[in-house]
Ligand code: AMP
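Below you will find one chain, with nothing else, as structure tokens; this is the form predicted alone, and questions on how it binds or moves follow later.
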């Protein structure tokens, strides 16, 4: 099979890395890719929402399957675009139709879906320009902290948590009336704050059956001890020690199965990944959010733990035969440490030369924000999150030690990374 992976980050590198290992893969293409994916296959200079250019690449390269990494093309309807095209409709595509992608594309839609299907989540109400005053009243009925979420996609920055009531009212006004997050915050979900510990759970589904992938825990804040600004993710670990067999069974019965059945009963076809952003409150799981794709940097921890041929699983997902597949998971721990640019998540400089890439050992380097200088052929930084270093170990401590030893080897100007990934679980 000729396979095209859409995206350019660590998640897409991890998917491409795994797909490249399959004997079923003939040629692998990544659009637009990064310096690392260029070694695994052929990078194509196409952005993920350039649907006509993607079609052209699919036709020219005789692509059999497209695996969509990020959320934007899914929310904008790339799967629908394929189905509506006489040539493209025969191509296998991994990722839901636009209607299914609303699970991520609209917080309000996701909340309504959860309530309708009796899936445990925080109490909430949605507000806009027409009922802003009711939003202030609802905030007054809640206990701090206050959680405000832009309804639409806001590049992972649309969630605000504040402790002060007046500040919460001010934020609500800024999001709705001042368009703090653009069109994404025309509607704002205000919900009760749940106190607990978070984890990420993933399935792949053909709309009827599903396979449970390894779970993970990611670390979003820039600073040690979960301090500072939110980022795209500073690292992750898998498996999650506090998510034992009994708790995972609760997640399947109370959350995963009702989600799959809810999509089916609503007539929403879904072929792709579902990310359940969960929180463990006492000993019960609640859904914080859905994503219509894999998480990043969780993918960099979960993909290395999948022993099965991923192309077989993806093919069965597209063909509706996932019930015939089984998945084999590595029992070892995976620890992922993300190297980022100095200044990230605020302003940062690009184009810093990266050294030490050939000196790492006993780990997997997943490129994220990297590019190859066409003149010097040096690998340089091209984003906020630069490289994910993943190591496997017989226990979490061993995996973390190996990942951190390799984090020291790689060098570039103003390199930054968190020194405490996974330490809260040791």
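Residue numbers count along the first chain shown, from 1. All of these numbers come straight from a predicted model, not from anything done at the bench.
If you look for the form predicted in complex with the named molecule, you will not find it shown, but the lines that follow are about it.
Across the options 244-252, 306-314, 281-289, 112-120, residues that bring heavy atoms within 4.5 Å of the named molecule in the predicted complex belong to 281-289. Against the named molecule in the predicted complex, the set 161, 194 and 198 is in full contact: each member has a heavy atom within 4.5 Å. Looking at residue 169, you'd find every heavy atom of it more than 4.5 angstroms from the named molecule in the predicted complex.
Within 4.5 Å of some heavy atom of the named molecule in the predicted complex lies at least one heavy atom of residue 220. Heavy atoms of residue 149 reach within 4.5 Å of the named molecule in the predicted complex, making it an interface residue. Residue 107 belongs to the set of residues with a heavy atom inside 4.5 Å of the named molecule in the predicted complex.
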